[in-house]
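Next up, structure tokens for two forms of one chain, structure 1 and then structure 2.
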Structure 1
Amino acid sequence: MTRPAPIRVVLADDERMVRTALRAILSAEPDLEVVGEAATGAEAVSVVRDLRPDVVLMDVRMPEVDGIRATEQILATVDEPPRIVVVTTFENDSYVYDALRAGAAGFLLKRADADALVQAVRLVARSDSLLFPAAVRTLATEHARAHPAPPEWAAKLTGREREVLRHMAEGLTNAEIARRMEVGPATVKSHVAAVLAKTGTRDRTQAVIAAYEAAFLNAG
């Protein structure tokens, strides 16, 4: 059984002690190799560019350039970028969301024990398969709110009526909508009336509310 190439790891954290501790933990594993360290976000970017590691453990709070920006920069400028694991202290830290958006492959809590740490590094190195924490759960519920089952009336609206509703939801008056759609104001009034009837609302404000609640603007 030949020994495969070790997983090359870079540590980015402004506190030397943290880096030392992480290095000690990871170096104890034969399949992990800490190839570099960085104390700032900017340094992290250049170190990664030079050493091309497989995994980066990136602290969020760092001087000059924080971990989020560093992550963005690495993913944007390095080709075949490493998997970046953002390290944070609190699970509900808003940095978590930023990290996800920035393209982090995952994140770790600082209180994670040594075992979890090395397993996380291994997993993310060969990743594809993934896992989640409580913080993300709130995201899922938000997602549910943002994507409700499209209400019955959505299907009943004709093309023109949809257009008009979309324009209403932009805050346009009937006259403006008429100009925008290159039709007469009376035509717009007809469509508006149809929209109100089909949505079961009594005025344009309620119709716009219904559109927002149905996340109508996301579709089509």
Structure 2
Amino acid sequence: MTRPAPIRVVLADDERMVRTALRAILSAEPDLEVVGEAATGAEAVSVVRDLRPDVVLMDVRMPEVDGIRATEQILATVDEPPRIVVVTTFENDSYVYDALRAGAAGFLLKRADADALVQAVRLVARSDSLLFPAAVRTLATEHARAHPAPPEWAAKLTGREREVLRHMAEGLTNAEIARRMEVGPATVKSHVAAVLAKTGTRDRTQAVIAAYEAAFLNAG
């Protein structure tokens, strides 16, 4: 049987030692391949445009162009852009939240162990779950307005779509949501697509952030 193509990863960090350590960990996995590196945000944008990886591990704080601006530029200018995971020292860093709002799929702490790093890359590459849902909830609620107005999209969601959005916020995969709701995976996939369309968001992370900011997930 033919082995699936490996997940192609680009590393963006201004510290060479960090990139070397990340490369060593990821390259040890048969299903992961580090295809490029960048030392600045500007380099990251250029490397991604040239190599078209599946996943980018993006340091938040880099010279010239930081990880937030680099994330925005990649998502705005690259067709079928990669999934971007921002790498940070502190999970409550406002830079992390800004990066998530800019379109990053999730974030990873620099102190994370090798197993967590590998699983994070695999998770975001699948695009069917939320990376570190509890932390995303904390960041979103901390930055939410005290009394947000009900979003226009809330009234457009069907009951099933509301249920799916809540399960997405728990970090469940499509298969897990299907089992929870006792429906087929294709049905869940259709509901997820409808949620993204109605909330006007790019992916699950953005949809969940929008829901928390609007206090939608706190509603009964």
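For clarity, every value in this text was computed on a predicted model and none was experimentally measured. So that the term is clear: the rigid core is the largest set of C-alpha atoms that superpose within 1.5 Å between two forms. Residue 1 is the first residue of structure 1, and the numbers go on in sequence order from there.
Between the two renderings of this chain, the form predicted on its own is found in structure 2; structure 1 comes from elsewhere. With the core held fixed, residue 16 shows a CA shift below 2 Å between structures 1 and 2. Once the rigid core is overlaid between structures 1 and 2, residue 188 counts among the residues whose Cα shifts by 2 Å or more.
For residue 205, the displacement of the CA atom between structures 1 and 2, after superposition on the rigid core, amounts to 38.2 Å.
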